[in-house]
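The chain below stands alone, shown as structure tokens; this is the form predicted on its own.
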């Protein structure tokens, strides 16, 4: 054991690894990078949602010999983007299935000329009937994908739902809808590509998952693995939006580099980024719930429908998580969840922080308040009577072996927010005040890591090495895009070895250097990859003890001296570890049953809102978040994750609406796609209860996605408390409030007369 066995770095608010470079402007994003002889790329996109391509015309006033022009015919390998399925073409070939689908690629040394040229390409279409909504897709009058428009479906069953209705004291039904949401990362999508016949393809890009891009490029170019190299540049935000889409953009830039013989940079402007890239899946969730006379759940029958867009992308993963999170953190003996992702002629939807859980949690937590009102029980008490506890089983029949402390979290959130006192006071004040105030809560969990057998299938590999100049390098494909990966993983390594935080660095996120430790998604980095790094460090210390006499206790100087002795006698100083599932984790993919996640993070959110019945605007005035997410590795970063997730959740609930016209996003600018600013975000009070998870990196569970799940239902529950009217769809805009509040006001005025 190291002389530094006592925790001294993990749990401390050490400075961000990349913080100084960002602060001083030294960080180089993709658009800061220039390559010798570099050209610029642009995309010619479909102007219709669905149809056949009849002809392509090029303006005769432009000298097209100056340009590299790429169509589907130029693709040397497969014309598809390899994600979970391979249904999405790299470039449209003969037909288009959504507005803004890429048809032609252009490159030129002058980036202004290439954009002008893209606008001068004329594509003639034979339009075909499009499908724009879940309901249109369900009717199947027009088939736009497969045999039935169903991108993916799941069936989750526990007990016997159909027999539970007869003896129920109460049956409550409800339908809940969520809209699309744009990631709105600070830095737009961008890549630089180089190509050579001997060297293959090299990509530098703003992205989350280097090995996802690597896999897709192998298919597009029909190259062996060692001929494709993907390097993440400094990335200005992602939130899931740079999980799948960079595979498309990288392929486009690389095709242009191959055709032109020059490096090619492609960076979208904001309008193109908003219109063409993925967003959060819209959803419709229907609940039918049976309860006994004491308010205990007897049965849940849940139907989930999501809009997947034109191609499958990550819809199956999103739908799976929505399915698993839809029953909420409650005990119920009989559960059935039927879920489908439907194809439409909209730009494909993809991963976004929480990916499926925010949609499902919104529905169940709004529904719990509707149940409480229908059967005459306090919404807090209804939840308490049905919370999961240690030893209970979830809808997938997973036994809760790790501690479940929802009651403790609820007590903390209620006390810190002054929930009961404020709710009583607001009820009195609202009788005469045109600004109505209310309090609302949401209780929820978020599964950490990939679902079911996902982590086993990934088979992630990660580790460390010691460089000749006396640094420990963390070897992972996990990427930093603002959430703190670089900091947390180096904290874990320094702690596990017993050296200083400054002694550890991150290896470049480069597929030519680092192993495939899996994608930076699903709140898995600290828990899963962090655990691999912890194990690799302990393994290296044991190796040095065995081979070069490192003592049971040692200083940092002695560790590095031992590493040099090992290098001189044995060679490279490296330690790699592969994923090992925690014991008792078994998932049946066919029956969709078992341990859905190795661990869950738990949370209670409380929102205080004010609804102005004159302007019909809703405002979140205060917010409280209590959570148990295992060990908090860096309190500043962890608190920032909660605050950021809540802020995004406020936007999801009250501000951010994607407007579509004939399948095209028409508010694709930051002037008309409205998101909350600092003026719109209230004080956010963050509280952690730490129960270390023994199979996570230094006890960590996932934390990044958890805080996005709860704000929307907590806010709408608070609005119901304030005005006494239920709203079941988000985003809830002033015109939506007006539609119901004005009608009620008018009825009351007539009654008074």
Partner chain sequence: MNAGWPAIEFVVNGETRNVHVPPMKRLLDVLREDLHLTGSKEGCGEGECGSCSVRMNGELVNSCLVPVLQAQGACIQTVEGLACDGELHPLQQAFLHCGGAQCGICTPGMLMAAAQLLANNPRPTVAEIREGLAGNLCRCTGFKRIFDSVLSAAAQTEIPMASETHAR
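Numbering follows the first chain given and starts at 1. As the structure is a computational prediction, the values presented were derived from the model and not from experiment.
Same protein, other form: the form predicted in complex with the partner chain, not shown, and the subject of what follows.
Although the partner is absent here, residue 679 lies within 4.5 Å of the partner chain in the model of the complex, judged by heavy atoms. Under a 4.5 angstroms non-hydrogen atom cutoff, the partner chain in the model of the complex lacks residue 740 among its neighbouring residues. The shortest heavy atom separation between residue 644 and the partner chain in the model of the complex is within 4.5 Å. Although the partner is absent from this view, residue 468 stays clear of the partner chain in the model of the complex, with no non-hydrogen atom inside 4.5 angstroms. Stretch-level contact analysis of 177-185, 563-571, 443-451, 458-466 against the partner chain in the model of the complex, using heavy atoms and a 4.5 Å limit, identifies 177-185. Out of the listed residues 624, 597, 362, 352, 352 is the one that sits within 4.5 Å of the partner chain in the model of the complex by at least one heavy atom. In terms of contact with the partner chain in the model of the complex, the residue from 119, 542, 670, 424 that brings a heavy atom within 4.5 Å is 670. Annotation: in the model of the complex, residues 80, 204 and 221 none come within 4.5 Å of the partner chain through any heavy atom. Residues of 13-39 placing a heavy atom within 4.5 Å of the partner chain in the model of the complex, in sequence order: 15, 16, 18, 19, 20, 22, 23, 24, 25, 27, 28, 29, 31, 32.
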